[in-house]
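There is one chain below, alone, in structure tokens, taken in the form predicted on its own.
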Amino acid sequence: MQVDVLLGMQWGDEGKGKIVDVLTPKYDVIARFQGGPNAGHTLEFDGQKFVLHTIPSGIFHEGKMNLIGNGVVIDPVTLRKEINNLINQKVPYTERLLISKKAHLILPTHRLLDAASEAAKGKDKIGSTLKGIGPTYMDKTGRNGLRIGDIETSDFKEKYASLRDKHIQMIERLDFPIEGLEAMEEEWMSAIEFIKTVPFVNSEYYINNALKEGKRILAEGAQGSLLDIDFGSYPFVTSSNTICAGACTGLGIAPNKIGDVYGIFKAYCTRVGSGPFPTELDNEIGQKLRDIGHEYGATTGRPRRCGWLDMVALKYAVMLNGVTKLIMTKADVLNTFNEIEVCDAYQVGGDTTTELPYDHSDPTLKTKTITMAGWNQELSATETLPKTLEDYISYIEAETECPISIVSLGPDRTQTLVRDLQSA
């Protein structure tokens, strides 16, 4: 057996949570492999809406195991809130959830460091969610971090105090106020005790043993490929590897164990926070996309920047990830448009290119667009798609050399059209 991987092709918010929920019946294990509570995966079914930040999106399915992998960074307070929401829905989380012992912990002082660092950047801030993600990954690579497995050691509180005190010195050097830390620590330690109710595992052995047993595994990514620490629009990126290769290091699986790679993209583009966005529409069309698509961050509540589909960026993401199947979401948001524009190339310094430039923020970068007919009608997963939407799909498939296997026509599970039953 192999591990199938599902990831975002844009700057996050592509609708990964819903699609994982739709695909989960095909799998035995759903595993998150990177990111942290900066993720906001939204699921809607039975007239209810749920937002998951750390827990994999297969948690609502009976008989499915959900693993928080070693590449994830965990805020115990956020995780406890998520679990309490599951308890309210009578989800037996102790039977469906596992946490890797090698996953790193987000401390209260990581969050303070995040805020202090962002404040120090002034107008050059990168748009951090202020969840402590970046400082936690910095401690991980700096070999200073605390991991889930440390909770079970006899000197855990001493390890915690040592790292906290180091953080306080750093925050003071940034001249940032340290307020409410004692209360934050009390809540954090209480949450640490609570998450002990979730089984801790050596996840790399768990995943590989599951493969030997013939179990089907889906690796769930967070954020999007254009936010990858190496290949995204640096420095306006997240702190982890969001591309397919991150599934190997974030779960402990070999590259030859990767099977299908599902690449999810919106029928248009959005971005939260700062950073380059070539097709951004800072006008009434962008606002229309935002309003119809309810484009506000599930984690931060911040309004998302909106624009037309960027094929240069999408083809780049398909290449980096070795995508075998594309999934288009939010096609319904374009239902009322008579015409749709698509960026098919850039002009950089007067030269036309279909490659993503080294500096995505190059002030000379301009987009070259084509105009396509919109479908200007409501869509249904039980009816034939209009020809103009099929033309839009065919254009994307031809450009990316990759089939679109699923089209999402709304937020609910049932609003999903599977175009190729054999491949999806």
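From 1 onward, residues are counted along the sequence shown. Please read all numbers here as calculations on a predicted model, not as lab measurements.
Keep in mind that the form predicted in complex with 6-O-phosphoryl inosine monophosphate (IMO) is not shown, yet the notes after this line are about it.
- Taking a 4.5 Å heavy atom cutoff to 6-O-phosphoryl inosine monophosphate (IMO) in the predicted bound form, the contact residue among V73, A247, C269, A222 is A222.
- Listed residues K157, R302, K81, K121 were compared with 6-O-phosphoryl inosine monophosphate (IMO) in the predicted bound form; R302 is the one with a heavy atom within 4.5 Å.
- Stretch-level contact check against 6-O-phosphoryl inosine monophosphate (IMO) in the predicted bound form with heavy atoms at 4.5 Å: of 31-39, 357-365, 65-73, 386-394, the positive one is 31-39.
- Of the heavy atoms in L251, none are within 4.5 Å of 6-O-phosphoryl inosine monophosphate (IMO) in the predicted bound form.
- Among residues of the shown chain, T238 is one whose heavy atoms approach 6-O-phosphoryl inosine monophosphate (IMO) to within 4.5 Å in the predicted bound form.
- 6-O-phosphoryl inosine monophosphate (IMO) is not drawn, but in the predicted bound form it has no heavy atom within 4.5 Å of I285.
- In the predicted bound form, 6-O-phosphoryl inosine monophosphate (IMO) lies within 4.5 Å of some heavy atom of I133.
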